[in-house]
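Here we start with a single chain on its own, the form predicted on its own, put down as structure tokens.
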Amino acid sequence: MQKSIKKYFALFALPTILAFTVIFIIPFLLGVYLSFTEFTTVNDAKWVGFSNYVKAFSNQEFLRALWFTVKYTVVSVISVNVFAFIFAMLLTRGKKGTNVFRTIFFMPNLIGGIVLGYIWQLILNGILFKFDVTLTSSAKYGFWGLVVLMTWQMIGYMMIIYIAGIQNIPKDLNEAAKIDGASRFVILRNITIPLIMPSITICLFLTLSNSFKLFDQNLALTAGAPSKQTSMLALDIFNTFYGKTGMEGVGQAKAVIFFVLVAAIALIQLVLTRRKEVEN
């Protein structure tokens, strides 16, 4: 069996490797190169060194988008995971109809971000109109609108992952703890949470990366209004690259910075939470 695997490994792995190289590796490396150039097309790129990065970091719109994205990510990661965990705990008690509720909570994740953005724009503006304001009247309304949208969309997906982790906890542990007189809070803190750390790792990674990369919901809900105060990083990069002639290199530099930032934060989160898994 091992000889057969070694013999045919290249045959089966080569198509995937080639596809990954052509679709991801080459465009990524080309994008990094273009971030050091001025260009309108790939063929007329002119090397300018780090000037695009200097312009990116001196751009107030980019820095504002970065700060807005960080604030939004912190709030949405907490809200999504807290509500998803609460619903997961409620839907693992063996009550009738839990499968129906799991399906209902998961369904928003199947709807496209653009569609969700316009739907929630109508809903939230309908509520805010009663107070003579809209989502674009102030950055705070757009901020909380995005939080509500993201939380509503992602809860079901994260809930399913938490449910899988909770259901893998041996029932004997909970029963033994109850016999010993442990309260629900003690069981939650000392048994449930430590044993579902792999699920927590996955959920934190997904919500963290998705929050940073949010684009279509941001575009549909506020489009950065008012005055680009609710633009997140992905939308700011898009507007720089396609909305300003001669700024393609700066937009590409922002994209590289964006990639490095998200990758670094995600890796740090994975390392920290995986250490907790090992400790437990």
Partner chain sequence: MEQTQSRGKDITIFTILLVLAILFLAPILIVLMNSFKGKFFISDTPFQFPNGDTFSGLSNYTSGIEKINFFSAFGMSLFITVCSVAVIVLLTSMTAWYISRVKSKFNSFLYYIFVFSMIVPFQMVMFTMTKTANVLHLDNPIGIILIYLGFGSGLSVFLFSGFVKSIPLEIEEAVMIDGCNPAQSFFKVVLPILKPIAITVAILNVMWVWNDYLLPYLTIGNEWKTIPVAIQYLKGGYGSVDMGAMMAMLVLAIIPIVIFYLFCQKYIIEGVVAGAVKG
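Residue numbers count along the first chain shown, from 1. Model, not experiment: these values are computed from the prediction. Take the two forms, superpose them, and find the largest set of C-alpha atoms that agree within 1.5 Å; that set is the rigid core.
The following text describes the form predicted together with its partner chain, which does not appear among the structures shown.
Q: Only one of V186, I78, L173, L90 gets a heavy atom within 4.5 Å of its partner chain in the predicted complex. Which one?
A: So the residue touching its partner chain in the predicted complex, by this definition, is L90.
Q: Identify which of V74, V133, I123, V82 has a heavy atom within 4.5 Å of its partner chain in the predicted complex; exactly one of them does.
A: Only one listed residue qualifies here, and that residue is I123.
Q: For the chain seen here without its partner, which of 138-146, 173-181, 158-166, 186-194 has a heavy atom within 4.5 Å of its partner chain in the predicted complex?
A: Among the candidates, contact is made by 158-166.
Q: Answer with yes or no whether V271 is in contact with its partner chain in the predicted complex, where contact means some heavy atom within 4.5 Å.
A: No, V271 is distant from the partner.
Q: Taking its partner chain as it sits in the predicted complex, is V32 in contact with it (heavy atom to heavy atom, 4.5 Å or less)?
A: Yes, V32 sits close enough to its partner chain in the predicted complex that at least one of its heavy atoms falls within 4.5 Å.
Q: In the predicted complex, is there a heavy atom of its partner chain that lies within 4.5 Å of any heavy atom of S51, even though the partner is absent here?
A: Residue-level check for S51: no, no contact with its partner chain.
Q: Please tell me whether any heavy atom belonging to Y242 falls inside 4.5 Å of a heavy atom of its partner chain, as the geometry stands in the predicted complex.
A: Y242: yes, in contact with its partner chain in the predicted complex.
Q: Even though the chain is shown alone, can you say which residues of 238-260 have a heavy atom within 4.5 Å of its partner chain in the predicted complex?
A: Those in contact are F238, F241, Y242, E248, Q252, A255, V256, F258, F259.
Q: After fitting the rigid core, is the C-alpha of V256 off by 2 Å or more between this form and the one not shown?
A: The answer is no; the displacement is under 2 Å.
Q: Rigid core aligned, does the Cα position of V54 differ by 2 Å or more between this form and the one not shown?
A: After core superposition, the C-alpha of V54 moves less than 2 Å between this form and the one not shown.
Q: When you overlay the rigid core, is the Cα of I26 off by 2 Å or more between this form and the one not shown?
A: Yes, because once the rigid core is superposed, the C-alpha of I26 moves 2 Å or more between this form and the one not shown.
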